[in-house]
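Shown next as structure tokens: one chain only, the form predicted alone.
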Amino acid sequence: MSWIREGELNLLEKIASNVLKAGPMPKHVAFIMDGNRRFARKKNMERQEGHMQGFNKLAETLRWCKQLSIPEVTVYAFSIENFKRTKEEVDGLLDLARQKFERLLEERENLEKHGVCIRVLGDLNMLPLDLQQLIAKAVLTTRTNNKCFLNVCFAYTSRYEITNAVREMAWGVEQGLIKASDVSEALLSECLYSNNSPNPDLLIRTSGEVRLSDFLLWQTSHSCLVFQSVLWPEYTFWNLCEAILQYQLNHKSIQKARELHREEQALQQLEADRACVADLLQHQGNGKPADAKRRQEALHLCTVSREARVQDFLQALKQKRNHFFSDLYGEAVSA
């Protein structure tokens, strides 16, 4: 089954789509695609077939999102916790991933035509080397596409992602790229796997479960969360419309919360910079209080220096991550 489905909405779906588009539309939607195993039991089929049906539904949902002008989608494809399942099921899921990434590479022209960029978020080192190499090929092959984005969370949990971001900042301090005082909530966000994406506007979980299961905990703190009872393989265009409507009904409160959070972050950073300046002037002033002009000049210098250090660090981090994918891709080509 193709990653990109062609086809138009029917007349009723087009009318609903146009009505929804009159209101604020989410630009980034995240899905916890839950219910594949329950769907398989319900239909008396093998678990693997349930997971296959789940992928088919993802391809169909991506088509709906494209037609609703939603440019970015993030999906929870494989949790680190999934490694605890039976060997047979884990092997089946990894085999399915191999098939789908191989198919993706076969469809590169179609992906380029639609401008689809594939990103894979997670610790790929946990995966078999051949699958790592397939993923690296898919990521690098589509990285220049920029019309729509699909983020596949694979070998992922949010707590692991946050822990890894802390490690990255510690690495930056050890390398002398940043100071310990540069560490902030905003910098941690830039160190997450998802640093290239805006936070989701809307998160949808299917199957009736009402928990996040360690998915995008940091990124969805100010997102609209919608829990729907439908099993993922049975998801419909109308289920998606219902979730978008919930987002629209709560849009104002969500935007207000985000704005307040941005203001709070800016205030926290200003206070941190002021503390840095106070410490600096205390050491330079021989105990004499600095005048307002000197404090303002020192604050400006401190801010400019911090921003330069942070940008250098983020560039080094980007290069480190790019080298990881490039090395995998090189190994795959030479194999």
Partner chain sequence: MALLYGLLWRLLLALLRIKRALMSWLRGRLRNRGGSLWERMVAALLLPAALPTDSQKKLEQSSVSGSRADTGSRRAQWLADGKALEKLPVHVGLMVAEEEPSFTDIANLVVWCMAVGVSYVSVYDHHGIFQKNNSRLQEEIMRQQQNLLGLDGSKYNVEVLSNGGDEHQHCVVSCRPTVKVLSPEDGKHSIVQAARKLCHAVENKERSSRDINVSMLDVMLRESKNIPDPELVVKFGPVNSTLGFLPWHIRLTEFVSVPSHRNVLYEDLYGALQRYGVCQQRLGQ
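Residue numbers count along the first chain shown, from 1. If you're wondering where the values come from, they're calculated on a predicted model, not measured in any experiment.
Below, we refer to the form predicted in complex with its partner chain, which is not included among the displayed structures.
Stretch 223-231 is the answer when you ask which of 223-231, 67-75, 140-148, 107-115 has residues with heavy atoms within 4.5 Å of its partner chain in the model of the complex. Candidate site formed by Asn195, Pro198 and Leu301: none of these residues places a non-hydrogen atom within 4.5 angstroms of its partner chain in the model of the complex. Although the partner is absent from this view, Ala257 contacts its partner chain in the model of the complex, with a non-hydrogen atom inside 4.5 angstroms. The closest heavy atom approach of Leu20 to its partner chain in the model of the complex falls within 4.5 Å. Although the partner is absent here, Lys27 lies well away from its partner chain in the model of the complex, with no heavy atom inside 4.5 Å.
Taking the partner from elsewhere, Glu88 is found to have every heavy atom lying beyond 4.5 Å of its partner chain in the model of the complex. This chain appears without its partner; in the model of the complex, the one residue of Asp130, Glu102, Glu209, Asp95 with a heavy atom within 4.5 Å of its partner chain is Glu209.
Applying a 4.5 Å heavy atom cutoff to its partner chain in the model of the complex picks out Leu245, Gln246, Gln248, Leu249, Asn250, Ser253, Ile254 from 239-255, in order along the sequence.
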